[in-house]
Structure formats: C-alpha cells, structure tokens
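In structure tokens, one chain follows: the form predicted on its own.
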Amino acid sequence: MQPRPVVLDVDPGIDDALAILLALASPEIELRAVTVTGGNCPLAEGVRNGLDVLALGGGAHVPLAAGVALPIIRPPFTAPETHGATGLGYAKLPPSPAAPIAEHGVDRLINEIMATPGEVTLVAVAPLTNVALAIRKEPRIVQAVREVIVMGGAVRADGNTTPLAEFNVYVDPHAAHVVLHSGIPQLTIIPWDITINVRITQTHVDRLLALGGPIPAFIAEAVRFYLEFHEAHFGFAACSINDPAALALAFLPDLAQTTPIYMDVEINSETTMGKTVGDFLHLTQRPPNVRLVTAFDNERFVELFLERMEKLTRNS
C-alpha cells in the first residue's frame, strides 16, 4: 500500500514536535510538507523549532513553510508557561542545515492539496489560521482535500486556557469558525477533553532514554518541562501528548470512536470566547459538520508512540 500523503500544520510546541517525530517514524504516511503558524510560540521560533525537529528525526528534506504569524482578528497569544521560553521546554537542538522554503505556508497548503485532489490528509494541530486563510484564498481545497484532522476544542470539559476554551481554538476562534462552517466533507476533530487522557509518564521517558541517542535525549528534556507544567496545573504526574494522537488518526483511524455532530464556536462574547459547542441532542436541527472523537484507545496509542520513537532512534 502506498503511503498516504499528509501535510502537517503546527505551532511547535512540545507536543507538535512529538507529532513531527511520529510522522517521520510512520511508514504509513508520506510527510509532504510542514506548515507553521504562531501559537504555542511566536512564528519565528516555531519555524526554527520545526526545522530543528525535522532534522533531528532525519526529515531535513521535508519542506517547511512559514505561514501566518498572527490570528485573523485577535491579538497574538502564546504559551510559554506550557512549552517554555523557546517552545521546546528545556530542550536545545543543534540548528538544522535546512531553511524554510520561500513559499508562504498558506500557499503551500493550497498547492499540496490541489496538486493531487482527493489524496492529501491535512492534520492541523495549531490554531487554525493557516487553514482558514487557505480556504478563503482557494475555496476549492474544501472539496479537494481527502480529510482534515484537527486537534482542538473542549466539548465536554472545561477549557485549558480559559474556563471554557481550549488553547488552539481560543488563540484564533475566528479561524476555527471559518473551518467549521467551510463544508469540508471529512472533518475529524479530536478535542482536548479526549487528548488530556493520552498521557506519557517519566517511566515512559526512561524507557526511551535506555536506548541512548539524541532523539530520546530531546524527548526527555522537552517532556521534563511538560511534566512539570501538567503536575502544577492539572495535578497528575504525566503529560498529555495531544498532537501526536491527532497525527496517528491519519493512518490508524480505528484508534478512535467518532460521532457525527454539528459543532460551532463562540466568537462574540469575551467571557466565552473560543468555546466549542457540540449539538449532541440535535437541538439546532442542523446537519453534522464534524466527526467528533468521543473515545480514544490511549493505551494502544502510547505503546505505538513509544515503539515508533524506539525505531526512529535505532534507525538514526
């Protein structure tokens, strides 16, 4: 079977970095491009982090395109308390020999999808600014993309950034609104209330460290910051690897159970800005616009992630 072409839209970000490594470690997919937007860290840092992580995982050849730095309407909002001053926790990577391509990230998204209509899966694990502006610039991508998988939203839980809103959606709720109302036929959303339970622990990290090498060392130093954050803010001795879980759905959809629902996002109220709302009882009488992940095989996925990181380490 031919690998499935994937474009990965990120704001790297500790768990974004792990998603990049998982993409490089997964033979089921062909990572066609990485596009970057501002989010967990400012755009320039995210571009540098993305290039360095690609090089670490043997993917310096993968084109990386800088996209949009700022949300569509709202001011920038980053997360140094979650991901550290540079976006990668305590980790420090050697500079990649590669540079970002000259093409803008929005154009790269459009061109990859339109080059092979019906084939590309777009995995978006950042604020949806690049994706929304790509839809606005070239509406044909809505029907040409094979599937869009989004990590974002808090549907049946409190938010992780405001009492009601999850980070990716809160950073650019207007972009999320564009994507939700775009008519994408295959739009899968894995929300934070699912991914918060996709966790790795120091024991998992130690298993990787036993192999030695730069990839386990990077994961350990990045995750050390992440573990400290999760224990301080959420009270558990583990960290959620949200973005790799979304990436895995591109090649292992049976990790998840999904429910077709109508979903919307609040863009008017400052109190509830960025809140994602799922109409589980069909009260709006509107047809479903997303497949919402309502259950996920955490144990199977974590073991898969660890095995892939072990294999990537050995192959490097």
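Residue numbers run from 1 along the displayed sequence. Keep in mind that what you see is a predicted model, and the values were worked out from it rather than measured.
Separately, the form predicted together with a small molecule exists; it is not shown, and the next lines address it.
Visitor: Each of 83, 151 and 243 within 4.5 Å of the small molecule in the predicted bound form, by any heavy atom, yes or no?
Guide: Yes, each of 83, 151 and 243 comes within 4.5 Å of the small molecule in the predicted bound form.
Visitor: Just one of 88, 189, 125, 113 has a heavy atom within 4.5 Å of the small molecule in the predicted bound form. Which one?
Guide: In short, 125.
Visitor: Can you check 217-225, 200-208, 101-109, 159-167 and let me know which stretch has heavy atoms within 4.5 Å of the small molecule in the predicted bound form?
Guide: Checking each option against the 4.5 Å cut-off leaves 159-167.
Visitor: Even though the partner isn't displayed, in the predicted bound form is residue 40 close enough to the small molecule, meaning a heavy atom within 4.5 Å?
Guide: Residue-level check for residue 40: yes, a contact with the small molecule.
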